[in-house]
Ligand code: CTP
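Only one chain is shown below, in structure tokens, and it's the form predicted on its own.
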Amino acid sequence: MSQSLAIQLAERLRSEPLDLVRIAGEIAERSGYGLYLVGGAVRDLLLGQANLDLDLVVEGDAVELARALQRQAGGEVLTHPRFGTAKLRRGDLLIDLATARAESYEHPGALPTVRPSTIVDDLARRDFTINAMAIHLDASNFGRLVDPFGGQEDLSRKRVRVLHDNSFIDDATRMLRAVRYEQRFDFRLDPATERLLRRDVSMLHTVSGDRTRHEVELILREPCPEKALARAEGLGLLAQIHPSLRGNGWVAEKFRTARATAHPPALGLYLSILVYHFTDQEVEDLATALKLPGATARVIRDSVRLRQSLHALETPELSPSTAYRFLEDYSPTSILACAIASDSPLVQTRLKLYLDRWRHVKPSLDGQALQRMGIPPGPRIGRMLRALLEARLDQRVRTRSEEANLVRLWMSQEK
């Protein structure tokens, strides 16, 4: 196994990170430290997938090892001695190093209390067995797998399994991660793990809105997030975040349309689709529960506010300039969300026309040109430019000379 993993490491890592990892392993061995590759990189290596996240754990002083590696290989080091962690950056390459540690939780949802320990203790604090494996990087053991909890077997059986019965109580965000991994890899939750999740689903309220939002964002960054959302709804997780959240077929259809329209869809677009049928109060409740950043909260508020007023765009004789005035104060993301989610072909067409054409229309004449035509500086300039814009939108003028003729007409009428 160690030889085959060493070969896989050499094949999957580019030459520069492989060289750095080998140098780090040699330094660790001289220092009497154990050095290990941990986390998703190990899991994905065993699955035959590429993952260049280099998270290393040191049975020893990670900060000291990072500095020794810098002295020998160059780069920049950022250290956090209090936490026993360091980052080494060399060009585009980033390596995270952490001292092996054990952890305990004072109460459900609390951040863990940590202390230096062994690689097995470090792996024991992980979320799932498939993420609780390590590969030796010290020179004499390079490529040997450390798998104290049966993660490799769980990979072969395509199952997501927690390490102990209180896993979701200690950290309820693991429930959202379980669903994300299950759907990403086309695995299934281990039956005992699913029972524990259903038992502990209400524990999601013990973690902060920031941490829950982070896990939701990670789900939305998956290639097909609707799969995880559907599973999360079936397990009762979405209802814990907000009772009106759904991961149904309508959401799946609109998410697929979003991916066909935007590459990749912004988080705000996915969220706007998720809240499309919410009331104003439900949007505020979700924004508060997830502690959404101000810009994201504004986008989903805009989406719901626009959805409530879309009937204004269904008048057959509506002019482009009138539609422009109606839409110009909404964010492009919220307009796109409504274009995707609306069931009215006419509304969809007008929203897309605004995004693709109308919002980019500008008059050929500017303020200086108007002044040269004899219009004094002041609010009148702004009003005329706005009127020219609307004339352009409605195709009453198409060229600069036509704009100038229209301005002269207005000037003569004012006289």
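When you see a residue number, it is the position in the sequence shown, counting from 1. As the structure is a computational prediction, the values presented were derived from the model and not from experiment.
Form predicted in complex with this ligand: not shown, discussed below.
Using a 4.5 angstroms threshold between heavy atoms, Arg161 stays clear of this ligand in the model of the complex. This ligand is not shown here, but in the model of the complex it comes within 4.5 Å of a heavy atom of Gly39. The closest non-hydrogen atom of Phe168 lies beyond 4.5 Å of this ligand in the model of the complex. Heavy atoms of Arg43 reach within 4.5 Å of this ligand in the model of the complex, making it an interface residue. Proximity to this ligand in the model of the complex holds for all of Asn131, Thr173 and Arg184, with the criterion being a heavy atom within 4.5 Å. Arg177 is the sole member of His242, Arg177, Arg144, Lys227 with a non-hydrogen atom within 4.5 Å of this ligand in the model of the complex. Though this ligand is absent from this view, in the model of the complex it lies within 4.5 Å of a heavy atom of just one residue from Asp127, Glu194, Glu284, Glu233, which is Asp127.
With this ligand left out of view, the stretch that reaches within 4.5 Å of it through heavy atoms in the model of the complex is, among 382-390, 52-60, 368-376, 347-355, 52-60.
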